[in-house]
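Taking the form predicted on its own, here's one chain by itself in C-alpha cells.
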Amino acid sequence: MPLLQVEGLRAGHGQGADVLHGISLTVAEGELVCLIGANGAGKTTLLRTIMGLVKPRAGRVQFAGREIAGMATASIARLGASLVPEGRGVFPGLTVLDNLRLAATPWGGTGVALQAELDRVFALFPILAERRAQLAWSLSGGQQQMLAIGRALVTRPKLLLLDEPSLGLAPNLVEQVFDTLAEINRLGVSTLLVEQNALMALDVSHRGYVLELGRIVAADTAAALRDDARVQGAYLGG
C-alpha cells in the first residue's frame, strides 16, 4: 500500500464550486513526487485538503494505512505528515531556534530529546545554525524558506508536503533549496512537492503529476514528463 493514496478527491472553498474534480494520486515510501500546473490549477487546495485544512466533499485520502479525509489537521500531523506552506509561515518575532522548538511541541513532552532533530536541520542548513539566536523576521527570504523546511523536519515526518518552496527566491537559492530537498528524500522522507518551476521539480523527482483546472491530465515518471511535448510546451518553455 502507498504511504499516501488519494482517490476521487473533490474539494472546494466554503459554499463555492469544486476546485478539485476527482483527484487520484499516490506517493510511495521513499518517493519524491512533484505536482506541477499553472496558477489556479488547485495545487495548494490539494495539499491543504490532504492536511485537513480544507474539508473534502468526496473521495478518500489514506495516509500510513489510515483514512484521514476529514480528520483534524493536528491528528494528521501526529501521524507523520508535515506541510511547508506557501509563503513560509515562520513566526517572525521568535528566534530561529524557538521556531524549531515550537514545531516540536506536539511530542516534546514525551521525553524524546530534540537535539538530534536540531542537529539534522543545522547540518542541512548551516546558515540556520549560525543564526539560531536571530529573529526570523530579520532572515532573508531564502533563509526563511530553509527555516520553514527545517521546522517541518523537526516533527519527524514520514511525508513532507511542500507548497512552492522556490517562490520569490534568487536562482542560486532555488538550486540550493532543491538540492536540499533531494538530500532530505535520500534520508528517507517521502515528499509531495508542489512547484511552478517545473523543470527543477522534475529534475529532483521520481514521478510527477500535471494538474489543470482541478484535474490530473498527465502522470508518469519524471523523465517521461520532461520528454513529453505537451508538458514541454506548457511548462518547460518549449
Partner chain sequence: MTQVLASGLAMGCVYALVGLSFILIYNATHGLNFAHGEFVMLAGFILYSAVDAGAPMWLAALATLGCMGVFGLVFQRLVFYPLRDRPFLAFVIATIGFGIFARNLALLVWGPNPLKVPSFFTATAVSLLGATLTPEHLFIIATTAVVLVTQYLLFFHTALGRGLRATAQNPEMAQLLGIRQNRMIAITFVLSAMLAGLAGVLVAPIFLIDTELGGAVILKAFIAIIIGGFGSIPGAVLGGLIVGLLEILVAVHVSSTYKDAIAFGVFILVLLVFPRGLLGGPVEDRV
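Everything numeric here is computed off the predicted structure, so don't read it as measured data. Residue numbers count along the first chain shown, from 1.
Here the subject shifts to the form predicted together with the partner chain, a form of this protein not shown in this document.
Here the chain stands by itself, but in the model of the complex one stretch of 177-185, 29-37, 202-210, 48-56, 48-56, has heavy atoms within 4.5 Å of the partner chain.
In the model of the complex, the partner chain lies farther than 4.5 Å from every heavy atom of G168.
Although the partner is absent from this view, L83 contacts the partner chain in the model of the complex, with a non-hydrogen atom inside 4.5 angstroms.
Though the partner is left out of this view, S75 does reach within 4.5 Å of the partner chain in the model of the complex, counting heavy atoms only.
Although the partner is absent here, F122 lies well away from the partner chain in the model of the complex, with no heavy atom inside 4.5 Å.
Taking the partner chain as positioned in the model of the complex, the residues of 143-160 that bring a heavy atom within 4.5 Å of it are, in sequence order, R151, T155.
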